[in-house]
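Form predicted alone, single chain, as structure tokens, below.
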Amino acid sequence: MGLGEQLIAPGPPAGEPAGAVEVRSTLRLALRAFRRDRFAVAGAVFMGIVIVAAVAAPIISPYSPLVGSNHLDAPMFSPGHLLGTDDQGRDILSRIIWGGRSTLPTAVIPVIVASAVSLLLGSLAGFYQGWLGNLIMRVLDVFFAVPMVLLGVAIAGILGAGPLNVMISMTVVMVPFITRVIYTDAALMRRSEFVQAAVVCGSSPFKILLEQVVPNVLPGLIVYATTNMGAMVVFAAGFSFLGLGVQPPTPDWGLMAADGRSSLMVAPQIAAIPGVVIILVAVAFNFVGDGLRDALDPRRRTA
């Protein structure tokens, strides 16, 4: 083998683009960094258990979430009822399991929809700027004049009670905040050297936006959206607590906490148990978001 051949670095496997190898290598490094974060892994495992339990609720739920015995039982002291029963004799554990089927989608779907809308608006506003960027951001600035929770309650109140209307209101109030994050990242990408190099090479603005800007703002979007899912779980439960979300007798964590108010002095666990579940799910989402932030940011990630 000649000296020139020895100095040639090995290329990607035959038939595989170099870009695919680079992406796979980056994902491998990010996954390795995520696995080293014990809190992030614990949060991901906990969320996996909650999601699986919610999906498999008809199979694993020990009792019906709607039918009770009209007999209140304390946790651990009632045979067959690990978490006890509520004031209508319904098994709390079964209602917690089934409650995830209504609470989690109400919190997660608005984040996904708002992220998709914000990715479009923020990328266009940050990359093109000019009159288009000013128009988008000035319209969204109007929403910042009203507190997020108050605006969400007002929209849900106008639309009427129900999970669909709650998801619409949560999506509307989240779009300005996520768009602001995307706008900032896209504006930085617009002034970056690799984008300027693509302009010099004659690439069209739309192609640069799709191939250079959007892929580079996605990690920040993923982290921000994941972290906000924890807050949206609390937000969705709060709507149900106020009577604007899921309606009885459908099991929902926020609704369960609201139902337990009348029995706080006699059986505080009826309201406390769903409240603890809401807190644990929110914290788990935050742990996962923090882990993704460290794993997807090369400046934070270590080899």
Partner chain sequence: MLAYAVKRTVTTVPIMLGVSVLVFLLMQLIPGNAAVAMLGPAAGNPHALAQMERYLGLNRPIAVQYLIWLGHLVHGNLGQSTEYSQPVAGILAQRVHNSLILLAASLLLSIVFGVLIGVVSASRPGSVFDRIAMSACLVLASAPTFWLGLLLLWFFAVHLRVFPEMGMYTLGQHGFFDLIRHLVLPALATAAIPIAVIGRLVRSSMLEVLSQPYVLALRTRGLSTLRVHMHAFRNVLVPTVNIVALQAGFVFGSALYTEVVFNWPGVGLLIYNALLARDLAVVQATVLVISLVFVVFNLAADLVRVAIDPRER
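Residue numbers count along the first chain shown, from 1. All values reported here derive from a predicted model rather than from experimental measurement.
Unshown form predicted together with the partner chain; subsequent notes refer to it.
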Identify, from the list Leu188, Val146, Ile112, Leu132, the residue with a heavy atom within 4.5 Å of the partner chain in the predicted bound form.
Val146
Which listed residue (Val108, Val181, Ala116, Val153) meets the criterion of a heavy atom within 4.5 Å of the partner chain in the predicted bound form?
Val153
Residue contact check: Ala272 to the partner chain in the predicted bound form, 4.5 Å heavy atom:
yes
Can you work out whether Leu29 and the partner chain are in contact in the predicted bound form, taking contact to mean some heavy atom pair no more than 4.5 Å apart?
no
Consider Gly68 of the chain shown here, and say whether it contacts the partner chain in the predicted bound form, taking contact as heavy atoms within 4.5 Å.
no
Indicate whether Gly160 is a 4.5 Å heavy atom neighbour of the partner chain in the predicted bound form.
yes
Would you mind picking out the stretch of 30-38, 44-52, 240-248, 59-67 that comes within 4.5 angstroms of the partner chain in the predicted bound form, counting non-hydrogen atoms?
240-248
Using a 4.5 Å cut-off on any heavy atom, which residues of 212-226 would contact the partner chain in the predicted bound form?
none
